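Encoded as C-alpha cells, the following chain is the form predicted alone, with no partner shown.
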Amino acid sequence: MSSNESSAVLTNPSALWHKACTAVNRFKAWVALDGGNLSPGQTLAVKYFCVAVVLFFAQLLFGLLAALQFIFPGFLYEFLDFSVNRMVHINAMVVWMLYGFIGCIYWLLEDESGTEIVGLKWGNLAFLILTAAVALVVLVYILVQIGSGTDSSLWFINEGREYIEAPRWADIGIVAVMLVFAYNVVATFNKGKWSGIAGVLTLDLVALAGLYVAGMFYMTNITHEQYWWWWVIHLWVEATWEVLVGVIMAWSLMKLLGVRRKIVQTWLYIEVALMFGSGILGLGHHYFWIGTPEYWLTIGGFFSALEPIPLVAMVVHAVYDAGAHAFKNSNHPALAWIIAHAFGNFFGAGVWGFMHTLPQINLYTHGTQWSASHGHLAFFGAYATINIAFFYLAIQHWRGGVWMAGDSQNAWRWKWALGLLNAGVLGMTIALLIAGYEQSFIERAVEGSTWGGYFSAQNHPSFQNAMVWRLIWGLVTFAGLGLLIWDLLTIGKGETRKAQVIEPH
C-alpha cells in the first residue's frame, strides 16, 4: 500500500472499515471454518471460546511480566508495576476459565435438552455486556491503580480483595450475567427434556450466582472480611466450578467414548454430595489463621482432601467402560486433554493441596510460594485442561465433523502443545515448590515469621534460582500456548474423512 493509500484509509472511516473487513475475510478463508455447521447456541459458545483464548494469552503474558519483575525488580517500574501485572494475571485466569465454562454449557445445552435455547437473544446481549465490562475493567487495572482508596474507588476502581479485585459495578454485572445464563439453561430444559446432568447443572447455577454475592460485603473487621472473601475464593471457584466441570466432563465422555449415561451421572451425583457436604467443611482449611475457632484445624484439614476424588473416578470408570467396548474415540486431542485433566486435578487440587493444607504444615507454608505452587498446578489441571479439551470438541464440529483420530494431519502440533503446556506448568510448580520450601524453612521455622526472616528468604540463592526457573518454565508454557492456538486454528483443515460417530453403549 502506498503512502497516499495509507493516508486515504486513515482519513476515510468507510475505507478503514473495508480494510478491516477484508482482513477478517482473509483470516476466515485461511482458517477455513464454516459457521453453517453451528447451531445458534453453538455460535454463542464459540464467541465465549474466542474471548477465553484471548484472555488465556493475556494471563500468560502478564504472568511472564510479573515473573521477570521477580528477577529484575526495576523492569517496567512505575509503568506496569508488579502488583498490577500480578492482578491482571490472576484475574485474567479466573475470567477466561469462566468464559470457557459458559461456552461449554451453551454448546451442550441444545443437545442435552433436545430443543433450541430459550431467550438466546438475552444470552448474546449478556455476552456483549460482559465482554465490554471485562475490557473496561482490564484498562482500569492497568491505567488507574494509584491514589487513595475511598468509597467511590471501591465502586469504580478496585475493591482491594485479592483475586476478586473487580470494582463493585463489575461484581453486580457478573451476577446479572450469571442470572441471564441461568435463565437460558433452566428455561431451555423446561421447554425440552430434563436429565440428571440438567438437574445438577441447574442447582449449581443457583450457587454460582449466589455465592459470588458473598464477596460483595464490606466489613471493617478483618476476620469477618476474610471469612466471606474465602466463601467466594473456595466455594465459588473450588466448589461450583468443580460441579460445572463435572457436568462438562460427563457430557464430553458420552460424546467422546460413548460412555453410558448412568456411569457419568452416578459419579456426578457423588461429586455434588462431596462438594456441598465435605466441600463446605473443607473450606475450613482457609480459616486456620484468621481468628476463627480452633475446631476448624481438624475439620478443615480432613475434609479438604476429598474434593477431587469424584472427577478422577468418573474419568477412570469411563475409560474402563470404553475399554470394554473396543475403546473407540473420534477425537484424540480432546481425549488426551481429558486424561490430562484427570491427572492434573488429582495431583494439583488433591495431592498438592493436601500436601500443605494440614494445619501442622500450613503453619509454616501459609503465604509462601508453596501456595502459588499448588495454585498453578490446581487451576491448570482442574480447569484449563477441560476447557482446552472442549475447544477441540467444538473445532471438530465447526469443521463439519472431520476426522481427528489416528493418522490426523499435523498431529504433532497438538501433541507438542499438550507436552509443552503440561511440562511448562509442572516445571513452574516444582520451581515454586522449591522456593516455598526454602521460605517455610528460613522465613518461618528458623526466623519465626519476622520481617528479617522474610527478607532473608527472599534474598537466599535457592529462592532466587527458583524464580529464574519459574520464568524459564513460564516461557515453555507460553510457547505451548502459541502452538495450541496455531493448532486450534488449523487442525482438520483440508481433512476429507468424516469422524466416526460414537454411540453410547
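All residue numbers refer to positions in the sequence shown, first residue = 1. Just so we're clear, the structure is a prediction, and the values are computed from it rather than from any experiment.
Not on display, but discussed next: the form predicted together with a small molecule.
Worksheet entry | Listed residue that, although the small molecule is not shown, lies within 4.5 Å of it in the predicted bound form (heavy atoms), from Thr429, Ser252, Thr188, Gln369 | Of the listed residues, the single hit is Gln369.
Worksheet entry | Contact residue in the predicted bound form, from Phe82, Tyr141, Trp403, Tyr212 (heavy atom within 4.5 Å of the small molecule) | Selected residue: Phe82.
Item to complete: Decide whether Phe70 counts as a contact residue for the small molecule in the predicted bound form under a heavy atom distance cut-off of 4.5 Å.
Response: The answer is yes: Phe70 has a heavy atom within 4.5 Å of the small molecule.
Discussion item. Considering non-hydrogen atoms and a 4.5 Å limit, does the small molecule approach Glu238 in the predicted bound form?
Written reply: Although the small molecule is absent here, Glu238 would touch it in the predicted bound form, with heavy atoms inside 4.5 Å.
Discussion item. I'd like to know if Gly192 sits close to the small molecule in the predicted bound form, meaning any non-hydrogen atom pair within 4.5 angstroms.
Written reply: No, Gly192 stays farther than 4.5 Å from the small molecule in the predicted bound form.
Worksheet item: Does the 4.5 Å heavy atom contact test between Gly375 and the small molecule in the predicted bound form come out positive?
Response: It does: once the small molecule is placed as it appears in the predicted bound form, Gly375 has a heavy atom within 4.5 Å of it.
Worksheet entry | Stretch in contact, per heavy atom within 4.5 angstroms of the small molecule in the predicted bound form, of 171-179, 420-428, 212-220, 118-126 | Comparing against the small molecule in the predicted bound form, the contact stretch is 420-428.
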